[in-house]
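Below: one protein chain in two forms, given as structure tokens, structure 1 then structure 2.
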Structure 1
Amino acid sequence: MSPFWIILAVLGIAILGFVAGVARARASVNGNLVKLHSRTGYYGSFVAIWASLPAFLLLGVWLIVQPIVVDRAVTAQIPDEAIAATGNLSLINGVVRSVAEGLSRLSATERRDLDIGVVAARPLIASKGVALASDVEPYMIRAADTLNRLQAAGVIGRTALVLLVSVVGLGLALLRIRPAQRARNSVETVIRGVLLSASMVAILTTVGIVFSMLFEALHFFSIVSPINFFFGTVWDPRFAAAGSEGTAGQFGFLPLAWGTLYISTIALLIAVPIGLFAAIYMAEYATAQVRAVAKPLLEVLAGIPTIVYGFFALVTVGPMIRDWIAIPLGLGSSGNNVMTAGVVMGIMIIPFVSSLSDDIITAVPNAMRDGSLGLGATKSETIKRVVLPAALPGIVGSVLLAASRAIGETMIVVLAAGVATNISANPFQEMTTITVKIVSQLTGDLEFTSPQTLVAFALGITLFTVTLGLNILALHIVRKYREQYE
């Protein structure tokens, strides 16, 4: 049975358990429900939980452990010489897996023919629709047999054991039902556990992000030294043919960092003044009607998917900047350039600056404004000299959040910044960013052993660290600011 059907079966048992639990609770007090500690549904749920939860836990553990055990057994069958010869265990493992797949499709006679050596393994397996990357060594057939045997045993074992646990859980729970039993409390404890584990998903996600990237990044740094990566000025990953040595390519991070920073800076130069002045106007000057219209409209800018901005940059803004500015000034000839990406990204992050700044300016207590206006300050003097200085930390926080958004933005730069790596001050030149390179290294065929693929994880964890730092700093500043006025 596949896990899906096992889950369905267990759920079926759980429903049976629910019905049985309700019936037994009823019977235990001869229908006089007041004598029960809890409502009958809780007794039913109690049984259902015992019938399903342990079984699901077992299934989960089994699904994680079985591949590891099988993998170990199969690897043990592969002679050390073979590993040394190819230098690549995962390659052999891949072949073994395909052989196993092919062997499982053979009929009994075909299998006998293969064992006594009447037919060659590779063409036979290929005729069953499984193409192999290399010739089949005898040890591979042995390993493949082990794999198939263990897998088959695993499926039977897991089905039997999980269903058994489910039924036993149901039986034990049924036996425990008594009128005085606190079924509701037990059920609620379980629900509470479920709620807690749901909130742990956030931590698991972060852990998942860090570990998934960390391991591959460390793997990368064992091939390319961190110094060459972080301080290299040349980005030339050169997709080498599998197995050929010496053409590792160069992975200099600096050109990507420069492009990212340059584009983000332009974006912030556009978004911060516009966003800040818009926020000031809406918080301090606008009538309620103007605010009710302008604020949501500006926030629409934040709701538009980034791919739309990317396309807008590619077909509208890029050609415009190329034809009207770059070519007349002789600064560049491509619509894909830093300026295009920066301007469009700036438009995108205007609402990130304006919304948060607006909230923060509005949170400055009115006593501050009254104090200044009461002295005869004009409105703009009050804003510039009292409100903004008081709101400054919060505004800095919002700008930092916008910066982190700009650095991590992908689709605009993928479509509009270009792929050439340049370290130059000319904003009308193609440059590239960290995110663009992550996308280009991780689309297409992946080889989790080559630095060309692994470098994306190193880039990813660098990006994650930088944005995480900015976010934590920004959230910290904003929270401190809020506390000051609460």
Structure 2
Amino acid sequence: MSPFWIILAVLGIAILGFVAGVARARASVNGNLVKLHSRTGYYGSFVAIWASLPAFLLLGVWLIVQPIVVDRAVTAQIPDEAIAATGNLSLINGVVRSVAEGLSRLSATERRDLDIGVVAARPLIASKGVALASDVEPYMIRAADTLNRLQAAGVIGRTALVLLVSVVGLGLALLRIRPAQRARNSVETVIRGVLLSASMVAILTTVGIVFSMLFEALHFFSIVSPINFFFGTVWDPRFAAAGSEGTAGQFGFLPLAWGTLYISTIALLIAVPIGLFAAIYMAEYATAQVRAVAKPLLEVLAGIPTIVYGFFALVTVGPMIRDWIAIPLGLGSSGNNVMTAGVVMGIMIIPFVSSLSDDIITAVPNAMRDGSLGLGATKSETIKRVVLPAALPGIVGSVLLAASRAIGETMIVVLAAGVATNISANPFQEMTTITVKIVSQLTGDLEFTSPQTLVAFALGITLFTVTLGLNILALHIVRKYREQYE
């Protein structure tokens, strides 16, 4: 039984447990519910939790541990000589898994012919629609048999044990139901634990992201000097020739940092004024009917996929900027340039500025507006001298959040700005960003041993540090603002 159907089965048992728990609670007091410590629903929830939560925990642990155990058992079937000859254990394991898939499709007669050597393994398995990267050795068949047996046994054992734990949990929970049982306290304790676990997801995700990049980045910096990386002005990560010593290429970070900051700055110069003016209009001038239509339409921009923005830049905005501005001014002849990427990216992040700024401006107390108007100030003067200064911390926070979004954009830059690494003030030249180079360095069949691949992790941890700092700063400013005016 697949994990999906196991989950459905456990949920079904939990539902039955809820019904049985409610019925048992009622029966324990002969229908006089006043004698129960908690409401009947808590008794049903108590049974449902015991029928589902231990089973789900067991299923999660099983799904994590089983692949590790199976891989170790399969690896034990592979001779050391074969590993030494190939030099790539993962490649052998891939072939073994393909052989195992082919063996699972054989009939009893075909399998018998294979065991006694009547037919060759590779043609027979290939006839079942399984492609093999190399010839099938006898040890591969033995390892594939072990893989199939362990996986089949794992499925049976997982299904039986998880369902058994679910049924046993249901039975034990039913036996514990008494009129004086504090079912509500038990259920709320479990709910608090679930809420705490959910709140830890963001923290654990952040920690996982950091550690997934940190060790590989440290490996890169053990090969390439951090000074040469952070202060280098040439990006040329050429791959070393086979058998050559040392590292080939140059890994200068400054061209990528310049392109990232240049494009992001142009995007913010477009998004901040438009988004802020739109927020002021919707919060201070627009009627309720106009606001109800304009704000959702403006926020639709945030839901458009970035690849669509890239197509828009490539087909429409780029040629317009090239034909109307770059060529007449003699500053460039390509539609792929910094200005194109910055303009389209600015359009994309307008909702990040407008929506949050609108909420912040709306949250400014009306007493401040009324006091200004009562002293004789006009509406525009009230907005300039009272509302915007009061909302400024929140507006700054929205701008920083938009900046972090712009710094991390990839698809628009690839299609609109190109992949050239330049340090130039001309906004009509091709440039690229950190995220684009991360993708390009990790594209292809590469191993994480050369600096040309490991540099992606160094770029990733650097970009993560910058964007995380911007997000923390923005959240700190917004929190400070909310504490002041709520």
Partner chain sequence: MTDAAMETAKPVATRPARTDFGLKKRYRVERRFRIYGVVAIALGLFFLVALISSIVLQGISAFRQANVEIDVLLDKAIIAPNGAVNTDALMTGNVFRYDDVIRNAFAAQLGIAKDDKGTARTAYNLVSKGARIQLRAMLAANPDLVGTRQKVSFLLDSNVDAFLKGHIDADIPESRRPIKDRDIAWIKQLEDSGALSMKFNTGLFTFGASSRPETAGVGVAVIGSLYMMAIVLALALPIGVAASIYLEEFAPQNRLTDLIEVNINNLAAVPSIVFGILGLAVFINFAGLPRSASLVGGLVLTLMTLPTIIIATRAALKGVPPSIREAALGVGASKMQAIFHHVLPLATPGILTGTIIGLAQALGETAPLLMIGMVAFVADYPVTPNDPATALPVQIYMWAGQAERAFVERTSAAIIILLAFLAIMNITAVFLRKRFERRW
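Counting starts at 1 and follows the sequence of structure 1. Note that the rigid core is defined as the largest set of C-alphas that superpose within 1.5 Å between two forms. None of the values given here were measured: they were computed from a predicted structure.
Only structure 1 matches the form predicted together with its partner chain. Only one of residue 141 and residue 329 lies in each rigid part of the chain between the two structures; they are split between the two.
Of the two rigid parts of this chain, the smaller turns against the larger by 22 degrees between the two structures, per C-alpha superposition. Taking the core as reference, the C-alpha deviation of residue 203 between the two structures is 2.8 Å.
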